[in-house]
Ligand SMILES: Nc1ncnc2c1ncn2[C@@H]1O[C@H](COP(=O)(O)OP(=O)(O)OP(=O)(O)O)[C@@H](O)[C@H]1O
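Let's start with one chain on its own, the form predicted on its own, as structure tokens.
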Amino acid sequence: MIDQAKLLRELVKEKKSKSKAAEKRQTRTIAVTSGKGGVGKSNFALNFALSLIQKNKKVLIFDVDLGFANVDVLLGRSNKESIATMLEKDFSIWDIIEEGPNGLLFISGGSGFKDLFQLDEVKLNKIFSELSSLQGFVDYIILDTGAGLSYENLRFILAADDVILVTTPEPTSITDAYSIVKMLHSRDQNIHIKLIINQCSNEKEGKQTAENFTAVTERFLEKQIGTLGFIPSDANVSNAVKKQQPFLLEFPNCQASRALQKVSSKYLQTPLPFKLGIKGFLIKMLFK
């Protein structure tokens, strides 16, 4: 049996003893999630990552949508290796990292990754060891999670430093997003959740949707949710998807791209406490 408390204590000691050079880059994990599919979650995660890169951040996307992983599709790629093949072939993490546009790094979970939480201790330790080496290598690891409240999704989200919740003004999307907040809040009242209103007809609709949503969470859950911004409906987004290109790069001056740049700037300007980095994330996710 793995002693999570002991691992966390050792990690805290390790963090305190890090060199000044290592302290310059403190890798944060960001879980991007949604209450339902079809709200543009993966497309947001991909383009948000690219926007952070344009602001001189080093970013890796980890596609952990165990049912419908599609970041590679949005990039027009077919990844040969994944976390699943890393275990099967005894690869290192560096053997499976793919590089996308503008230096974006990408890891696929792979179809076999759905059995992650049923792996034996040897394989869990293998994943822990390999992924731990990413600490300090990148500024941000963005987890593109599945939609909804599956057991696996909750493990990823609850272990992350920050959560970005993507929804649209559609009533069913709002209802499902509220269910996500309610569940996460019941598990961790200190969880950091930021809201994105995607596919809104205009900024006014986006602001109103966000205000209504945050008012409900504060009233009924006593949970304050911050809003990162609003991404308008934009034909250029679907055009870029058809071309299998990120809309931020294909149409950098379109409304959606300009809105996304504001979102990433606001995220970077939001002061957030540093937690235990990628190792802390892995301990909470794998061994809790």
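Note that this is a predicted model, so its numbers are computed, not measured. Sequential numbering from 1, following the sequence displayed.
Only in words, not in the display: the form predicted in complex with this ligand, which the text now covers.
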Just to confirm, with a 4.5 Å cut-off on non-hydrogen atoms, which of 231, 31, 248, 61 contacts this ligand in the predicted complex?
231
Which of these residues, 135, 209, 198, 108, gets a heavy atom within 4.5 Å of this ligand in the predicted complex?
198
Answer with yes or no whether residue 54 is in contact with this ligand in the predicted complex, where contact means some heavy atom within 4.5 Å.
no
Using a 4.5 angstroms cut-off on non-hydrogen atoms, would residue 160 count as touching this ligand in the predicted complex?
no
Using heavy atoms and a 4.5 Å limit, would one call residue 96 a contact residue for this ligand in the predicted complex?
no
Are any of the heavy atoms in residue 241 no more than 4.5 Å from a heavy atom of this ligand in the predicted complex?
yes
For the stretch 37 to 59, I need every residue with any heavy atom inside 4.5 Å of this ligand in the predicted complex, listed N to C.
37, 38, 39, 40, 41, 42, 43
